[in-house]
Each structure stands twice: as structure tokens, then as C-alpha cells.
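In the form predicted alone, a lone chain appears below as C-alpha cells.
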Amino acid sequence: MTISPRTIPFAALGGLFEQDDVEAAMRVISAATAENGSFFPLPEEADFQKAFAAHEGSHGAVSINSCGTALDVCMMVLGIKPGDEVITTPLTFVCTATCAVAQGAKVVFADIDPKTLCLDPQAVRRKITKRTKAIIPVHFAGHPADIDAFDVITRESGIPIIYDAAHAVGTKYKSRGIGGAGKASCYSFQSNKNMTTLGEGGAITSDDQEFLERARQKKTFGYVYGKQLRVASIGFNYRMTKPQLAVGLTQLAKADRVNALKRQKSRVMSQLLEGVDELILPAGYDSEGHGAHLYVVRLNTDRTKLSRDAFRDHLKNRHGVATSLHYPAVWTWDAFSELDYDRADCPIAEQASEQVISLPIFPLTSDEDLQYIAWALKQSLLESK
């Protein structure tokens, strides 16, 4: 291979935004701004919710303006309050933990599986107390969490599972959609996800219709629709907009194609990096059920004295390959410095959070760029010795 220097950014847009998406947005904007038009009501909402639930294998869905607010709403519906405990992973975006903190609950961190980087059900078992009121596993990078094992925990303890599925549109567990797992699943359509609804957006899916109705009320001022509009509970305005919902339908139609493209490119990257002992490669991309949101390698600190941050800087400054970081451990953020949480007994998550590097692999990343990224990784390891 002839190596030509190039610059490979870590793109802000994780999926494909194409002409059909532009046309969908413009169509509803044009109609809404025409004479006698309006951005309300939202017939697109029902269409999107029905389509999304079917795609994710659940009995129903509620659209919402972000995965973060979806998690907040789920905590409210469960009645999480001060004195309660919520168990989750420290290797995640902060909202997986702050949704519990916002209700006054204590976050309890449990360790992760070293292969999948998802929350370890056995580690969770060790953290359960009589105050545990919810468990929030994350389908990390699109790899499904161990749903069967968490189902057993719920059957034995009665503790509801709320899945953070921000990375997991189209992810499958044992050939079935994840949307009906646990009590509910919370999705993200933020810009860097495999599907996006104009930069922000999300959904809650569940097989529990009562739970979904209460979530729907919470995200829409507490409204109950019928012959006479009622406000049945204290709620908020967490709705998606009409253009977002229209684009949601076009994005959903291509979600499986985006996932397949990213899985294929991730498999190529794993082949290119095979045998590089200084890197720990991610698992699961040989499965058609992997959501392939991210390709996260880990710098094997048992095989190199390099720091992760120095390695990332070298990759970018010397070879033009930008990377991202998913994630610093939640407890490293300033907002958690004085909170009551349990950091003990999470050695795998603590180590992984200091090793993870997300590589710039996107639906349109070329074979030449994949080869260059792999070459730059290997060359940076050699140059940094």
C-alpha cells in the first residue's frame, strides 16, 4: 500500500443525511408556513411512533426530544425519589446517571463486561440492596446488553430495567429487536447517532402500555387526550417537532442500511488490526444484530506504556486521524465530585475508561481511509515506543 498523508476527521454526523431527508423536512415546513398552515397538530407523531415501535420490536413507542429526557421521564414514571438507589454503568454518557440524580436518588455504579463493555449482570447483583429501585444497562456502542440475565434479575427481585439504547437503533438480541426488553428502552437521534432527527430527538419503547401512557403524559404537559382535554399529572414539554418527525420516518427507513454499512467497515477494520497486541479490539461486529454505532478500540496498557491521550494526540497531529472518546468514567465529571455515589469495585470500567478510543468509521468511509487509519494506528505505536 502506498501511503499518502491525509486528514480524517471524526465526523459530527454519524449516519446518512440524504435528499429524501431534506425533502421531508422542506415538505412539512412549506405546508406549515403556507396560508392557514401550522406546525400543529402532529399527525407525523403517530406515524413515526408506530413505525419505530415496529422496527424495534416493541408494542409501542413515544417520541421525545432526546434520550436524556427519555431517561428522565422513565425515572419519573417509576417514581424514583430521594433515598432510592439506581444501578448503572460508569462507562456511559452522563445522562444515564444524572437521570437518577435529578430525582434525588443515589447512583450506584456496577462494573462492566470486559469483552462487550456493557453492564455486567453479576456485578449488578452484588450492588442490589433493599433501596434499589431501578437498573439502567447501556447497549454500549450498539452491542446488546445481556437481556436474558437482566430479565432473571427482574423476575427474582422485581426491580425494573430501563435500557439506555442511545447507541442501539436496530440492535438485535438473539435475532429479535431490543425495544420490548425490560420495562422500557430509551433511544437517541442526536447528530452523531446512526439515525438523526435534525440534530436532536429520541424515543421510549415498551411492551407496557400503561407505562407508555404515563410517559406520554409526562412529555406533554400531563395531557390526557379525549373528548375533553385533561391535565392528569404534572408534565413537561419534551415533544419532537413536526419537521423532526417527518425526517424521523425517512431516517428510520435507512437505519438498517446505515447499520449494515458500519458493521461491514468495522469488520474490515478488525481484520486490518488483527495481531496488533497493543490494541484490544471490540467484539460483536460479526453479528448482524450489532447496532454498530461506534468502533471503540482500547489501548492495551499491559502491552504499552503510552497514555491514551498522548496516543490520540500523536495520531491526530502526526497522521491527521481524529478520534473521539466514549467515555470518561461518569465519576470523573465535576458535577459528580460531591455526590453520594458508589465508585467501589469497578476495576474493569475504571481501566477501560482510560483506554477507550473511538475510531472515525462512518457509512461512507472509504476502503482507502480504513487502510490509512489502520496504518496510522500501527505507525503511531511504532513511533511512540
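Counting begins at 1, following the sequence as shown. Everything numeric in this text was worked out from a predicted model, so none of it was measured.
Separately, the form predicted together with a small molecule exists; it is not shown, and the next lines address it.
The putative spot formed by T92, H167 and K193 is fully lined by the small molecule in the model of the complex; each residue has a non-hydrogen atom within 4.5 angstroms of it. A single residue from the set T197, T171, T205, S188 has any heavy atom within 4.5 angstroms of the small molecule in the model of the complex; that residue is S188.
Residue-level contacts in the model of the complex: of Q217, T96, S266, Q244, one residue has a heavy atom within 4.5 Å of the small molecule, and it is T96. Although the partner is absent here, V108 lies well away from the small molecule in the model of the complex, with no heavy atom inside 4.5 Å. Contact annotation: V138 falls within 4.5 Å of the small molecule in the model of the complex, judged by heavy atom distances. Taking the partner from elsewhere, G248 is found to have every heavy atom lying beyond 4.5 Å of the small molecule in the model of the complex. Under a 4.5 angstroms non-hydrogen atom cutoff, the small molecule in the model of the complex lacks Q355 among its neighbouring residues. With the small molecule left out of view, the stretch that reaches within 4.5 Å of it through heavy atoms in the model of the complex is, among 158-166, 79-87, 305-313, 272-280, 158-166.
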